[in-house]
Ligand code: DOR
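One chain follows as structure tokens, the form predicted on its own.
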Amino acid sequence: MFDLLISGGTVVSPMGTGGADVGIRGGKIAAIGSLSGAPAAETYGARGLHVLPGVIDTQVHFREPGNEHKEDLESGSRGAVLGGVTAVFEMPNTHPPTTTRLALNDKLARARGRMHCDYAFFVGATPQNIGALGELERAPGVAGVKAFLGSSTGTLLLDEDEAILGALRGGHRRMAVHSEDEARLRERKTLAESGKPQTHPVWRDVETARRSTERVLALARRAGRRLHVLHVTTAEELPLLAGARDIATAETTPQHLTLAAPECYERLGTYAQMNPPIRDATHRDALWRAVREGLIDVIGSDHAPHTRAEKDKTYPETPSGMPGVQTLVTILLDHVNAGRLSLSRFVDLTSEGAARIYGIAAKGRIVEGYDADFTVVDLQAKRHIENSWIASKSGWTPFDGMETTGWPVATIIRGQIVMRDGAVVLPGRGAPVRFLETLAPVT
């Protein structure tokens, strides 16, 4: 007897891609194969659909606490499940920032009963909390430590070599970094011309990213610490990352794989502004080569919403960031349909890669005993992305008006259908993600 039977779909699993049924019991995958006629409390008919491992978005900013006027844990996670995402890792640059056990516990309490997908929170590194990071990274519900090497949204910053090295030596789990060189950002700030968002990648130039990534990789090697470089944007960083595969993994975003300067700034203005910036097509092409060759390990949305009123100010007084968690799946499936990405590579970049990099327990693959997390998609469905569809409090997307092929039709989390046919049908069922390195209690 199964609690849920997903029948007749095309399942993407380590065994390959093919027709199969999936039986779920107690929130876990109990059987995969020909299960027609098996008794089940509920059946989801997936004929004509692809059943993928639940998509994990490893980089979102849900703004709570402190900036709930533009997003909160409920609205952000609502967008996640509507977009086919089953789990998110939320960033620490809130107000107050997530840099203490008290702030972490506050976020976990806020998430309970309100978030629709599973979740984990990053702890932010600061010069003041370096000594506590080793303990904080092992707390339940923590994805790891995040360090901002260059200033972005919020107050978090770790830009001195001694402090960065101290943070790297102060823990054991993989540390995630926003890699831009703060000294160079300060030197070049005058290049951000008033009213000209197209100068954003001139100010935060290629060398700002390359220099920072070269430095942090060298420091990580000195510390013997695993590193994850978030939202890589430049061709120049890729050889550095290729030379550090023993200690470093890399991430990029759908925005950097889809948009390109100068067109995006001409069309979207400050709505195309994010950190690190959208760059010209030569860098986008280099990122696609890195995706094809396996150098990019994971794709995260870097969902970072701001209100229209904030974005409508005069650059550079405008905040950087754009919504992305709800469009992650359909944007990437459109690239699958265009032949830029295979479906198996999509799964690796959005599910298996995240589980492998961060050591997620029992998620990321469709195998017996794993959590019954699924992103069910119609690869043939065509639809326009519209601002009106976006659940984020910001109410907009840089992809408004874009037609994509391939859409999520159901989001299933631990055996429960949370989203079905564009509607949240089982709200508030999210739970903390578990990690292999923190399953044992801290002594």
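Residue numbers here begin at 1 and follow the sequence given. Keep in mind it's a predicted model, so treat the numbers as computed, not measured.
Heads up, the form predicted in complex with the ligand isn't pictured, but that's what we're talking about next.
Of the candidate stretches 233-241, 161-169, 318-326, 366-374, only 318-326 has residues whose heavy atoms lie within 4.5 Å of the ligand in the predicted complex. Contact annotation for residue 152: at least one heavy atom lies within 4.5 Å of the ligand in the predicted complex. By the criterion of a heavy atom within 4.5 Å, residue 148 is counted among the residues contacting the ligand in the predicted complex. Using a 4.5 angstroms threshold between heavy atoms, residue 177 stays clear of the ligand in the predicted complex. The ligand is not shown here, and in the predicted complex it never comes within 4.5 Å of any heavy atom of residue 75. This chain is displayed alone, yet in the predicted complex one of 198, 275, 99, 258 has a heavy atom within 4.5 Å of the ligand; that residue is 275. Residue-level contacts in the predicted complex: of 118, 297, 302, 71, one residue has a heavy atom within 4.5 Å of the ligand, and it is 302.
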